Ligand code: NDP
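The data below hold one chain only, encoded as C-alpha cells and taken in the form predicted on its own.
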C-alpha cells in the first residue's frame, strides 16, 4: 500500500513526489514516457535550446559592425537535433536519480484509475491512500479538412530536415516562438492568426512591437487569417482561408492550443468531475470531487506554466504530509515569450489596469539598444511600467528586448514586495545596461 501514487512524471508530478517522499510518505510515480514531461522533453527546454540556436544567425551578422570579418558558418539542423537529444537524455537521467534518491518508486507504463484508492498499470494494480493526476496537456488541432497533413509542436523537435517554407497557424506562445526560431534558422515563415493581433493577454504595446520586429526579420505576419482547410498539391501544402486567401508551404504547424491530457484515465467513471475540455476540476487544495484524488499542473487548466506546476506540487505535498495550511498564490506570476526579441511581463497590462483602476499612470520607453548603434540592426526595445496613481504602487512591468525574461524576473520580486514608483526612482541603475531604464523613467505618458 502506497501513501501516494502520482500519474505523470512532469514538473509538477516529480516535485510533489520528491517532497512527499522526503516528508516520510511511501510514494510511486507512474509515467508512460520519458521522465520530465512536456517541459523537459518536447517543451520549454528543447525550445529554449532551439531559440539560442536561432539567434546565432543574427549575431554573426551583427558582429561585422564590431570588426569581425570572415565567412558566416553554415547551419546544420541534424547536429542541433542530436545535441538537443543528448541534453534531454542527460536531464531524464537527473530526474530519475532525483526520484530514486528521494525513495520514490518509478513505474513505467500508462496509469489508469480503477477506483478512489487504485491505479492500474498494465497487469499491475497499485493500492494507495491518495492519487494525484499530473498528466499535463496535449496539442489540440481544429477539425478542418486536411488537419492530418499538419504538424503539432511535439513533432518539431524530431523533424528529419528543415523545410524551406512553413506556415504556422496560431497566435499564442508556441506559434510566435516557433515562428522566430525557424525564421532564425533560415525557414520562410508565414504566421497566420485569426485575430487582429497575436499574444492575447499581453500588453498591447509589446504585441504590436513584436509584430513589427517579426516583419523586419522577414516573417510574413498575416492577421486576421482564418483557417478553412489544408490541401496537398504538387507544389506543396496549401492553406485556405474562408475569404479565398491561400498560402503554399512545405510544412504546416498547428499551434492552435492545448487540451488536458485526461483521455483514457477512467476518471469520470469513478466520480472525478471534468470540465468540458477534459480538465480536472479541483478546489483550492487541489482536491477533486473524489476525496482521495487530487490533481495539479496543466491538467487543471489554471496557469499553464512549469513554475506554477512546481509550486502546486510543493503546496500539495506539504499539505498532505507536512505542516499543512499552505495555499498557491497565482497573483503577479511573471512569464516570458522566447521570440526574437524576447517578451516578458509581470503584473497588470495597461489595458487591465485601466479596466480595474480609476487612476493609472503609465511610463513607457522605446529605444534602440546600445549594441545596435554599431551592429546597425533596426531593432527596438520597449519597456513599460504600470502604476496605480492612488497608491504609487507599481502594478505591472513589461518588456520587449534582449534578455527580457532575465530582467523581469528581478522586477517580479519588487512587485511582489509592493514596491512603489518612488522606490524604483530611488534605485541606482547599472550603467550602461538596458535594465537601468526601468529605474530612470521619470515622465509619464499622456493619459490616452
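Numbering follows the first chain given and starts at 1. The shown structure was predicted, so the numbers you read here are calculated from the model rather than taken from an experiment.
What comes next is about the form predicted in complex with the named molecule, which is not displayed.
> Heavy atom within 4.5 Å of the named molecule in the predicted complex: which of 136, 341, 171, 347 fits that? Just give me the one.
Partner contact (heavy atom, 4.5 Å) among the options: 171.
> Just to confirm, with a 4.5 Å cut-off on non-hydrogen atoms, which of 211, 336, 249, 91 contacts the named molecule in the predicted complex?
Comparing distances to the named molecule in the predicted complex, the residue within 4.5 Å is 336.
> Please determine, with the chain shown alone, which of 273-281, 123-131, 320-328, 162-170 has non-hydrogen atoms within 4.5 Å of the named molecule in the predicted complex.
Of the options, only 162-170 has residues within 4.5 Å of the partner.
> So in the predicted complex, does any heavy atom of residue 256 sit within 4.5 Å of the named molecule?
Contact with the named molecule, yes.
> Would you please decide whether residue 142 lies within 4.5 angstroms of the named molecule in the predicted complex, comparing each non-hydrogen atom pair?
Residue-level check for residue 142: yes, a contact with the named molecule.
> Check residue 177 for me: does it contact the named molecule in the predicted complex (non-hydrogen atoms, 4.5 angstroms)?
Answer yes; at least one heavy atom of residue 177 falls within 4.5 Å of the named molecule in the predicted complex.
> Heavy atom to heavy atom, is residue 230 within 4.5 Å of the named molecule in the predicted complex?
Judged by the heavy-atom cut-off of 4.5 Å, residue 230 is well away from the named molecule in the predicted complex.
> Could you list which residues of 179-206 come within 4.5 Å of the named molecule in the predicted complex, counting heavy atoms only?
Sequence-ordered list: 193, 194, 200.
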